[in-house]
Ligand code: DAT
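Okay, here we've got a single chain as structure tokens, the form predicted alone, with questions on binding and movement later.
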């Protein structure tokens, strides 16, 4: 990490959190809950991709946008350097490690996940690939390879109770992070 990156991280008065996981694990819902209780700004990367054209076109087979990593990074750089954000995206390896103080990987039971994806209207091929992604823990492994092990945490997200417990846990983490910043 360069001195500039260290300074940027140390100057932030609010943390940046990344919540990632297979589609359907509850990222957006959890981010909305946490943003409401902590005052962090929820950044839904998938929504930004659509609204700001941060993609290279639309994949008809998968019924999804082909994201443009560089456009996403350019769009988010200034916001994340300031801190105070909770980022919601199904992938994590595209983001610089210096951006995040905590990376949470949501995991969901495959049967529950299947039902959620089916309810969303996903095509069978897309459901199968996302279930396989969850079975093989691809997002968790991606997070472990991309970020320091101290900041990567796996959370279960099978029920509303899990969601509430995760929200409370994150809110406490944010309070502790801010308290530690003040003491530095």
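Just so you know, these numbers come straight off a predicted model, no measurement behind them. Residue numbers count along the first chain shown, from 1.
There is also a form predicted together with the named molecule; it is not shown, and the following applies to it.
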For this session: State the residue from 158, 64, 137, 146 whose non-hydrogen atoms include one within 4.5 Å of the named molecule in the predicted bound form.
Result: 158
Exercise. Does the trio 29, 116 and 120 actually contact the named molecule in the predicted bound form, every residue with a heavy atom within 4.5 Å?
Worked result: yes
Exercise. Is residue 25 close enough to the named molecule in the predicted bound form to count, meaning some heavy atom within 4.5 Å?
Worked result: yes
Exercise. In the predicted bound form, which of the stretches 33-41, 137-145, 56-64, 150-158 has residues with heavy atoms within 4.5 Å of the named molecule?
Worked result: 150-158
